[in-house]
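As a starting point, one isolated chain is supplied in structure tokens, in the form predicted on its own.
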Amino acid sequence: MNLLELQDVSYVYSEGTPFEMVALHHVSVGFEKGSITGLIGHTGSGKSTLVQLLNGLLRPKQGKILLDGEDIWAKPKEIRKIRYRVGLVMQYPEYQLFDETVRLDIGYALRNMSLPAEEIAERVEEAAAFVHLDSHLLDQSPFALSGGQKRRAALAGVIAMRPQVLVLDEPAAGLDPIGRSEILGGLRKYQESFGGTVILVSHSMEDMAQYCDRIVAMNHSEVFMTGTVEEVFSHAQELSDIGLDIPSIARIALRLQAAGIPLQGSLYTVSGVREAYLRAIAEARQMKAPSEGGDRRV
């Protein structure tokens, strides 16, 4: 069941001018409730425009955006309420920090939601833990944090709202491997804890394979392909033709298969390929063992 859905949505920048540019062209796509969906596409494919449409930062020129089956623009004066239900973390969100302390910054939207002080305090602590932001940093100025810590604080500010849909545009860009793992792993924890629907934009196919349930591939302002991670990444040549790639470990798996090793299973993560390889080796040994032992009957 789709929680959030675009129906025949188009968006044009600078329409009617010499600088007119079509960002989305008759896009129809749904995001399943409780899933983590990866959004991929080359630069200029329409990804960033699409995510800004999801919570009403942009209004479509044509078509509808449905949340729980209702058009989010049915009541334009109440679009602010949609932004509490569809939380958007833009690329490099650390530049959006502004309050006196990290604690106040994370709780900013919660105060606007008129939540009780006790609940705000609880949600701030909870959101900080989700993104692995040490509690002793909460009473410091956000401008005293490192770049990675600022990223976590900004992400926590959106998670604290507990939105039905959490949309993230390159949330781990520029972070070291440990930081990427902690932040993206936190998204899975959030999804499991609250049943939230997560939409993740990333250029890292490894992140897509490891953390996502489904993939939406964009190309030239249109949806090129959708499906499970396995279904989409099985179309390696088609993805390559539009300037995308598959995870590095998946390319290794393809080479092993070409060399005659019968790998089966999920071949898009390191753990999946490792299990498939060990299973193939074990099966080969079982098939070889009887012939090596010979016929011992008298």
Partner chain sequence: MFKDVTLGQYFPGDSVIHRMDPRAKIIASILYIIAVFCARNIISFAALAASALLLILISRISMMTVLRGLKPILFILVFTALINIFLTRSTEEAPLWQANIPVFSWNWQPSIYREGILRAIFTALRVIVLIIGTSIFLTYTTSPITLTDAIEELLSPLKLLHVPVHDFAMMMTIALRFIPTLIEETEKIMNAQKARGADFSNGSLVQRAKALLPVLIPLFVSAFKRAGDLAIAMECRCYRGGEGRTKLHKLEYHFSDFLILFLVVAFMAGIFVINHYNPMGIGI
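Numbering follows the first chain given and starts at 1. All figures in this text were calculated on a predicted structure; none of them were measured in a lab.
The same protein also has a form predicted together with its partner chain, omitted here; what follows describes it.
- Within this chain, L57 lines the site of its partner chain in the predicted bound form, having a heavy atom no more than 4.5 Å away.
- Of the heavy atoms in S193, none are within 4.5 Å of its partner chain in the predicted bound form.
- Contact annotation: A109 falls within 4.5 Å of its partner chain in the predicted bound form, judged by heavy atom distances.
- In the predicted bound form, at least one heavy atom of M161 sits within 4.5 Å of a heavy atom of its partner chain.
- Judged by heavy atoms within 4.5 Å of its partner chain in the predicted bound form, the contact stretch among the candidates 216 to 224, 121 to 129, 75 to 83, 182 to 190 is 75 to 83.
- Interface residues of 71 to 104, taken as those with a heavy atom within 4.5 Å of its partner chain in the predicted bound form (partner not displayed): R80, R83, Y84, L88, M90, Y95, Q96, L97, F98, in sequence order.
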